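This document opens with one chain alone, in structure tokens, the form predicted alone.
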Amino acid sequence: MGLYEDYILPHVIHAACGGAPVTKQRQKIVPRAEGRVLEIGMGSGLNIPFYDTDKVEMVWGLEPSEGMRRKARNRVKAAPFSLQWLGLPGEQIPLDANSADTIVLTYTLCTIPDWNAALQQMRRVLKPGGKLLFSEHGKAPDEAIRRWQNRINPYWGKMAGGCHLNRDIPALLTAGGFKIKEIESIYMPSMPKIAGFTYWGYAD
């Protein structure tokens, strides 16, 4: 799996997470970031063009995958703001407490093995009064779709870098110590329903 994860999977994830429906979701969330921003799972840098440079002081991009960081190289070089890589997983955020004004979490919580530990770390580094902006796919509201999510999930994760189809995103955020202040949801168009139910909004 080393070769697949390092050289093939980054291209698969980039293609899957860079389509038009997902891009529209990113555009709803990322421009709301401000101050010193921590992006969890920066991946290939798909969010970089959507940051509002008038509001963002700098961005820390946390991304443990060397292959994804390679994929992001050109976007990082072209970024119109200061961007610093953090090469550790979400469960180990190498920042001081109360460091970030905003945390950006897009299509990442589905893959973090210890999601609770990661959310506790996000809670630790987010300043009082700061916001966690999120857009994440997860558990569908329809029973028939949920059944298929549960059936396919073990196989999906092996091919998609540990992605879970059926995580209850609002419940996870709440269990991680965040208070959801705004949330919307939709089945993204032109995507299979098992992978396309998305929640977005912000928490503090």
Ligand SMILES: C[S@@+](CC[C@H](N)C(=O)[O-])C[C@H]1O[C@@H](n2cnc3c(N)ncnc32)[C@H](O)[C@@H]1O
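Not measured: the values here are computed from a predicted model. From 1 onward, residues are counted along the sequence shown.
What comes next is about the form predicted together with this ligand, which is not displayed.
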item: Contact stretch among 51 to 59, 167 to 175, 37 to 45, 144 to 152 - heavy atom within 4.5 Å of this ligand in the predicted complex; value: 37 to 45
item: Partner contact for residue 194 in the predicted complex: this ligand, 4.5 angstroms, heavy atom; value: no
item: 4.5 Å heavy atom contact, residue 121 to this ligand in the predicted complex; value: no
item: Proximity of residue 130 to this ligand in the predicted complex, heavy atoms at 4.5 Å; value: no
item: 4.5 Å heavy atom contact, residue 125 and this ligand in the predicted complex; value: no
item: In the predicted complex: members of 70 to 94 within 4.5 Å of this ligand, any heavy atom; value: 89, 90, 91
